[in-house]
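Only one chain is given next, in structure tokens, and it is the form predicted alone.
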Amino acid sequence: MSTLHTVNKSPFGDGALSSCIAHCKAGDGVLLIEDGVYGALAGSAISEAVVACSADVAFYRLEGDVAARGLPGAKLIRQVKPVGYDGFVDLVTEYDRTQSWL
């Protein structure tokens, strides 16, 4: 069974994204929402773990939250794919279950 993991906390003040990555299995997906989108920043302390995990796990970032935080697209990890709110709904239906990392 595949799981869509949603992470809404910044990886720079919380360990949710690191814990999520440690629990992901091949075929899972991770959607970064709210302050979790900071986990998509290239060159950050967590970016190496995100890139390594993206070989087996799909990573997404909610574009509305990226824009709200003024994150420049050129500084985002390319393996973390952008999705809109409609894409969020599609992801929830695509995976067997959803796990929130709060």
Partner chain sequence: MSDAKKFLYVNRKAPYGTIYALESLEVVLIAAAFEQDVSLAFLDDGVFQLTRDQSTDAIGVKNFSPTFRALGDYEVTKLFVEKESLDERGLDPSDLQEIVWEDEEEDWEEKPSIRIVSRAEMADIMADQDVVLSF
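Not measured: the values here are computed from a predicted model. Numbering follows the first chain given and starts at 1.
Keep in mind that the form predicted together with the partner chain is missing from the display, and what follows is about it.
Heavy atoms within 4.5 Å of the partner chain in the predicted bound form are found in one stretch of 70-78, 53-61, 23-31, 38-46, which is 23-31.
Proximity of P82 to the partner chain in the predicted bound form: non-hydrogen atoms within 4.5 Å are absent; the residue sits far from the partner. Shown here without the partner chain, the chain has R97, T98, Q99, S100, W101, L102 in 79-102 lying with a heavy atom within 4.5 Å of that partner in the predicted bound form.
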